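Next up: a single chain in structure tokens, the form predicted on its own.
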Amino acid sequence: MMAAARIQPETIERLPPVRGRLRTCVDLAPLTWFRVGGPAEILFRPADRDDLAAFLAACPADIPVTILGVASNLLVRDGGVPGVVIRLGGAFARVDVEGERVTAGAGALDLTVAEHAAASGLAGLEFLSGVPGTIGGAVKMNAGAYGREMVDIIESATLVTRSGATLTMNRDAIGLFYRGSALPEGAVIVEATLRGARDDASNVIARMRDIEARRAASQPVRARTGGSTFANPEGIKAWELIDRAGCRGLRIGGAQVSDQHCNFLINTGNASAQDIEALGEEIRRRVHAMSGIMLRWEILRIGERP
């Protein structure tokens, strides 16, 4: 059940006019891979980049703004998200390939970008087929899998700042590090330029199929999950620590540690966001007690507790 929205009637009245869609009290749970969480106070779907920039420029600074992709590596807390949640739609999902460069909108699915690259005979982007989510989130978190990361392929990213200015940053300026970046606070990534290397399309497609098979064999891809829960500490895999701490299959409420891959948390059907977050914190407590290592959340947690 959706938590009661904390709507301030004057908030919507203070927002600028838009060409896209502004809606109040929107249930976010169906939009997330976990299928849990409370509502967005306001959900904004900009019509295009200019609409987004004009909105951010005129949006009062005291109204919080949160960016939402396909919510594959995200936990929305049960109390919902105050302020404005921005979700980029089809206008931000274009993918173009020219030479060895791929230009992708922030709303383009990682898998779609990998498929476009493969069809054009570009290698190096195959790992994106194993990363659930969109290019915007992949850049912000320096997403990676199967030995590759965004830092290996990105040339530049274009973003709209909280003041409404458009800014293009090269790879060094983005400041990518393991599962993070140095992007300006509140900026919205709208596009990224990636570089591949020439190869026969059949070879690229074969490697993508191998990634798909490996992922299906090792991860609970059909479950309600948020992907990899914790970042790997230096020199060791998070799942190994979780397993050694005896957390495989551990449950709190409707949330469970996956038996297949214990760095994945699962909504077994009736979990709340509170169940999932509490389970994650219990894992961190047990791993720390066992090893002295405090795991760092890779899943982004947003919103308020009820």
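All values derive from a computational prediction rather than experimental measurement. One rule holds for the numbers: they count along the sequence shown, beginning at 1.
One more form of this protein, predicted in complex with a small molecule, exists but is not displayed; see below.
Novice: In the model of the complex, which of the stretches 231-239, 211-219, 193-201, 115-123 has residues with heavy atoms within 4.5 Å of the small molecule?
Specialist: Looking at the other structure, the answer is 211-219.
Novice: Thinking of 67, 137 and 141 as one candidate spot, does the small molecule come within 4.5 Å of a heavy atom in every one of them in the model of the complex?
Specialist: Yes, because 67, 137 and 141 each have a heavy atom that approaches the small molecule to within 4.5 Å in the model of the complex.
Novice: Check whether residue 88 has any heavy atom within 4.5 Å of a heavy atom of the small molecule in the model of the complex, and answer yes or no.
Specialist: Flag for residue 88 set to yes.
Novice: Although the partner isn't part of this model, could you tell me whether residue 77 comes within 4.5 Å of the small molecule in the model of the complex, counting any heavy atom of the residue?
Specialist: No, residue 77 sits far enough from the small molecule in the model of the complex that none of its heavy atoms falls within 4.5 Å.
Novice: Counting only non-hydrogen atoms and a 4.5 angstroms cut-off, does residue 72 reach the small molecule in the model of the complex?
Specialist: So residue 72 counts as contacting the small molecule.
Novice: Just checking whether residue 157 would be counted as a contact of the small molecule in the model of the complex - the rule being heavy atoms within 4.5 angstroms.
Specialist: Residue 157: no, not in contact with the small molecule in the model of the complex.
Novice: Of the residues 188, 102, 176, 81, which one places a heavy atom within 4.5 Å of the small molecule in the model of the complex?
Specialist: That would be 188.
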